[in-house]
Ligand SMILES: Nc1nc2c(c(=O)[nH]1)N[C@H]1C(S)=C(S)[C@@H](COP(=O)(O)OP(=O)(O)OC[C@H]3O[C@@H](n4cnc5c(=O)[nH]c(N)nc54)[C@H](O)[C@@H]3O)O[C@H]1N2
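There is one chain below, alone, in structure tokens, taken in the form predicted on its own.
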């Protein structure tokens, strides 16, 4: 019997908010939520100079459980001074993500010495000197130094660090997008010459059809649900494509709207549950059916695309038997959706990691782009492509150059500013960096936030690889599993201020290419936390000195923003944002006319072969729970899916019966990289042949199987077997 699920939002969301407010004080929480700082969680866009709980269009109130959870987490108590004495590093590595999240804020620096079993406090200046010594030791071979950034850091800190790394001599500059939306950026660049969303927030109000593909915004981006509910209310349609039947995508109770709060808002008008890995076949099938019906917008294709006839010929050549078998969607369902998208006035295609986490993730995105081009649903108001980004500044970190490869024009400008010749070798992506650790090729690893170790597939392998690094440095606000399973021979953890605690203003970029200003504030508690930018500047000064460039100058964020404004195309308004308070959209990314920044000015269409795989064997997809953001776990249970804790595997009723297993039974889940024991089986609304487990715990049994072009691992296509214990 499938367990009862709970619709998203509504009473439980309000009750949870009250509970969290009482934990830290309602007035204190209200002030923090209303402060003029960008949201700490997703990149949908909230806060900035318009004030907290305000979206980019100025609408109030805009708030969700995710932003509230992150704020409360930062306001809780500090990590006890004797915390690291209580357990060894190995023992803490077995703690759950929630246990470490609940331990408290990191307020003092610590070091794990070679061969030691416990972290010990270390003086700030000693820590910085040790880090500088490690970098100087490999200065003759700077390829042995790497830097990494999560999407929570500011544009200012990210720009300083990537500049410092290149002036030092390394192009090993990678960010967390390689494990999330890199396939989106690669594919969108291939087609449109720009790797971000082609729409802005206002476009959602003009669309009459939205696809939500491989995403669960009810849990991960709840404020997007307001837009989808409004679309349905005005007579529009929402097509959800997801192997897992998410209750919040069927009905969502918006707390700020009385009728919706009590009775709920219908979200999905059509719900497709494809095979894990079946998305390319599905979208090729929709295109094929549109072509068969004579509904391709030939005028748009002729005027504004290149090589689209090859795409149509390929779609026509694919047999319906193959499309239906590989997608897992019936021809009737495909026909209905083809008719819907062909007749809609304005369609937005949105997707998340259900599309990108595949060995053919780039092709998945290209197939979606092809459908948008065929129906002229890009290059005009209310229509386009919208990757649903995760962390609040993951897009900004990439925009300001935190990437293994820069455009030549940007490199030249950076070299002129820093009076240095930058390296020309190809930098590591995130996965290849872990592989380099395994080979013993990394002497210094600097992590600007994030949970790098636990984010990897094949966690036993990744953990063993990272332990071969010479020195690993983490800049963190809270502890995570990665601090204990991803340590180097020497590891230093440095406490940093949260965004709304920084003494200077910082900036972030939303998924709509909108650059926001966060005004900072006061620390939530006493401690030895420092601003990330200060730490990077102090380290750069120790390593490179003040000639030919004075790195201490960049302790002023105004100075950093002036450099970004001069160097990064489209960011000229950033130089004066602290004075003008004028937030802005980066130009040449949002396309309201069919003119694209490609060599020809047209969109480049690409053929997407149908991936061939065994559709009969079980495939696991990794998922985030309702009480989770990225790898941060706030609650053990998942209220929306009726899953009681994180050591569970979700299967369909038919698969459970076929395997002679029952709901609540303890099972072993066997993957390509290992197995997990004592996992509770949960029967739920997932399609046959697909099972789901929580990330990052399930990463232990997943092999990477990376996409060749994006280097993103296949977290949503992991072959598994399930056996009774």
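Quantities reported herein were computed from a predicted structural model and do not represent experimental measurements. Numbering follows the first chain given and starts at 1.
The following text describes the form predicted in complex with this ligand, which does not appear among the structures shown.
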Does the 4.5 Å heavy atom contact test between residue 153 and this ligand in the model of the complex come out positive?
yes
Is there any non-hydrogen atom of residue 148 lying within 4.5 Å of this ligand in the model of the complex?
yes
Contact flag, residue 172 vs this ligand in the model of the complex, heavy atom cut 4.5 Å
no
May I ask you to state whether residue 127 is within 4.5 Å of this ligand in the model of the complex, using heavy atom distances?
no
This ligand isn't shown here, but in the model of the complex, which of 81 to 89, 137 to 145, 213 to 221, 551 to 559 has heavy atoms within 4.5 Å of it?
213 to 221
Among 198, 533, 622, 403, which has at least one heavy atom within 4.5 Å of this ligand in the model of the complex?
622
Contact assignment for this ligand in the model of the complex, among 163, 399, 451, 305, heavy atom within 4.5 Å
451
Does each of 354, 479 and 629 have at least one heavy atom within 4.5 Å of this ligand in the model of the complex?
yes
What residues of 167 to 191, in sequence order, lie within 4.5 Å of this ligand in the model of the complex by heavy atom?
176, 179, 180
